[in-house]
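First come two forms of one protein chain, each written alone as structure tokens, so that there is a structure 1 and a structure 2.
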Structure 1
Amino acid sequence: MIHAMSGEQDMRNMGALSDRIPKTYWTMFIATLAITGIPPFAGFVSKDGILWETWTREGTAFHLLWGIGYITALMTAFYMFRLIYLTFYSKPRMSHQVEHHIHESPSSMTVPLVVLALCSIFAGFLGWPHSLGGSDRFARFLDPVFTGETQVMNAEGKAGQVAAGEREKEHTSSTEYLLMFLSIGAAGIGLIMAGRSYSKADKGYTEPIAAISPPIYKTLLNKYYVDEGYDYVFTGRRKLRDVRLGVMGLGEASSWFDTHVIDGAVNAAGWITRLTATISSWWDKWIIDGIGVNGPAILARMVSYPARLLEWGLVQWYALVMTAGLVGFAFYYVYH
């Protein structure tokens, strides 16, 4: 379909394609009849069999499950015929460029579609139910597969429930026909609802549920916001205000922890080491070497400097000083 529509994937932008791509249309239409449970297509046999097996089990819970299955079948019929109407019927809603390039898909795609369509038509006869004159060959073919399961159920005390279901199937054929009729009716209701809603859909059409309840339509359109919730909680592509959760949030938190805590601790250790080394170097230079080692030497030089002016270590100098002293002493007493 994408190939035939030149890349267009939104069926809201299609319409009136039944004559332009007939092979795709007919195979899709057959598939729709099958999946919605229209007899004698294969989907009818499988859907009716599931609903009937559910109904014939003992307990209210199984009847509740039948109701859920029936509503699901009704919804399936509605959205499948919605697909048919929006894609192949109604009015064309694609752009002019896309409309100009619409063509049937190649054989590599249409041949498998035809094969699947034929299976949808005839495969159901392999499991055609007894109530409609069939022999359910497929169920008899699978009997050896479920023999072990029957033994396990007998061991667990569920044989009574199975036997009750068998008796129900044997003695309530009218109920089976009624349920079968309701099942086919679900497909008909889905077809009618989809036809009334989308048979005349044109560009800019409004979904019926959007007109009735915009919040519900918005919720369904956004798939119950599952993707958004997944992005908020698991991937973290969306923020809860200023907080990012999920994998990306964990990555950001890890990056922040690595930058501010791990690298901060490493940088702090380096800064403390450099500070300690600076103080140690200053202490060694000015206290140990300056005061402890060089200080006494400087003090000794300062104290010895006056003495060095007088004591040169020369005998002649000492004799000259002594002579000058005696002359000065004698001169002092003579002229005093």
Structure 2
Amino acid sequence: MIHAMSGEQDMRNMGALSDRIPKTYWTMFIATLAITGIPPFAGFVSKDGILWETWTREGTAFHLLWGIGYITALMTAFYMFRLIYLTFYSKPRMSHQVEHHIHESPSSMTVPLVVLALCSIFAGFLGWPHSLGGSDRFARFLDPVFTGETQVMNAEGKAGQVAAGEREKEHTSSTEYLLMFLSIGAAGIGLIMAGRSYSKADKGYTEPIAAISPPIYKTLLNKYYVDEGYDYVFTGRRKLRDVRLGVMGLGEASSWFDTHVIDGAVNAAGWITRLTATISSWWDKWIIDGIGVNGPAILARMVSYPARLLEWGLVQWYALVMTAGLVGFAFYYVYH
């Protein structure tokens, strides 16, 4: 159908397709009959089997479960026939361009459809129930796998088994037929409700649930807002200011923590090592070597300055001064 509608998936923009794509229509119709549980199609057998087995179990909880199953069956019938009405019957609601292009699918698509439709018609006979004259062959299909369990059940004792058997006998026939009837009734009610609501749906039609309660309609239209919930928890599309919420926010926070705190601590350790090394090297150069070692040297040099004015180490000069002194003394004695 999507193929025929040039990629359109919205049923609200379809309608009146049954004559345009007949093969698709017939196979789809059969499938709908099967899944809504109308006899003798496959869905009836399996659905009825499940409901019957649930009902016959001991305990109120199982009757409640049966109720849930029954209501679900009713809803299935309603939404499937809603689909049939909105797409194949009612009024055409697509654009002209799309309407012009509607075409039946090639056999590569229709042949599988036919095969599956045949299965939905006949597969049910594999497990046709006893009460309708069948052999319920399918129920024993997995027996070889569960032999172990069967033995355990045997070990539970004969009494229980006999009781169960009697209970079953007592219920069979009348109750089973009644439940079957109710089950078919559910399909029928769904069909009628869908027909009443959608058989004349034209452009801009209103959903009955939207007329009854807009909030419920909105909640359902938005799929219970699960996608929006995901935006808060997983996708990170929701933000609190600049911070993403949920897992992605956690990831961002961890990433920030890793770069700034953990690696920051590592780099800080490196930085502190370099800082202390720099300080040590300064201390070593200016204090230990400067004041401690070179300091006394400088001091000695300063203190010795006056001495160095006299003592400059040229032997010839000393000799000259000595000679000058001697000459001086000589003159002194000579002229005295």
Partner chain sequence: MQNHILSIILFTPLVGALILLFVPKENKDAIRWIANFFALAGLAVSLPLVPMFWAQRFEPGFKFIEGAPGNWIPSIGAGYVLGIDGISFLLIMLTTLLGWISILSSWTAIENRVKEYYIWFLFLQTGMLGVFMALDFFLFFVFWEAMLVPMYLLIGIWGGPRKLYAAIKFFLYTLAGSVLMLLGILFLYFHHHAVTGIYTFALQALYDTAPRIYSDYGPHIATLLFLSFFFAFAIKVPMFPFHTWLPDAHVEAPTAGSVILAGVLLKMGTYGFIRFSLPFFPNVLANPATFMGMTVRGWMIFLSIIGIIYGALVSLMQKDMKKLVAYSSVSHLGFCTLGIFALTPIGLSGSVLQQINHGISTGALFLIVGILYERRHTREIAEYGGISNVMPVYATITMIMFLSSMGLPLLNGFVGEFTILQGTFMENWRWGAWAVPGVVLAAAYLLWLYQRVFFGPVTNPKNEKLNDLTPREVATFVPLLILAFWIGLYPKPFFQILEQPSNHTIALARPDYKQPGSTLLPVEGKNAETTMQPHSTAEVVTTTIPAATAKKGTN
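The structure presented is a predicted model; accordingly, all values stated were derived computationally and were not measured. One-based numbering along structure 1's sequence throughout. Here the rigid core means the biggest group of C-alpha atoms that line up within 1.5 Å when the two forms are laid on top of each other.
The form predicted alone appears here as structure 1. Here Asp284 counts as shifted, since its C-alpha moves by at least 2 Å between the two structures after the core is aligned. Once both forms are fitted on their core, a CA shift of 2 Å or more is seen for Gly270 between the two structures. Annotation for Val261: C-alpha shift of 2 angstroms or more between the two structures, rigid core superposed. Core-aligned Cα shift between the two structures at Arg241: this is 6.9 Å. On the core-superposed pair, the CA position of Leu320 changes by 16.7 Å between the two structures.
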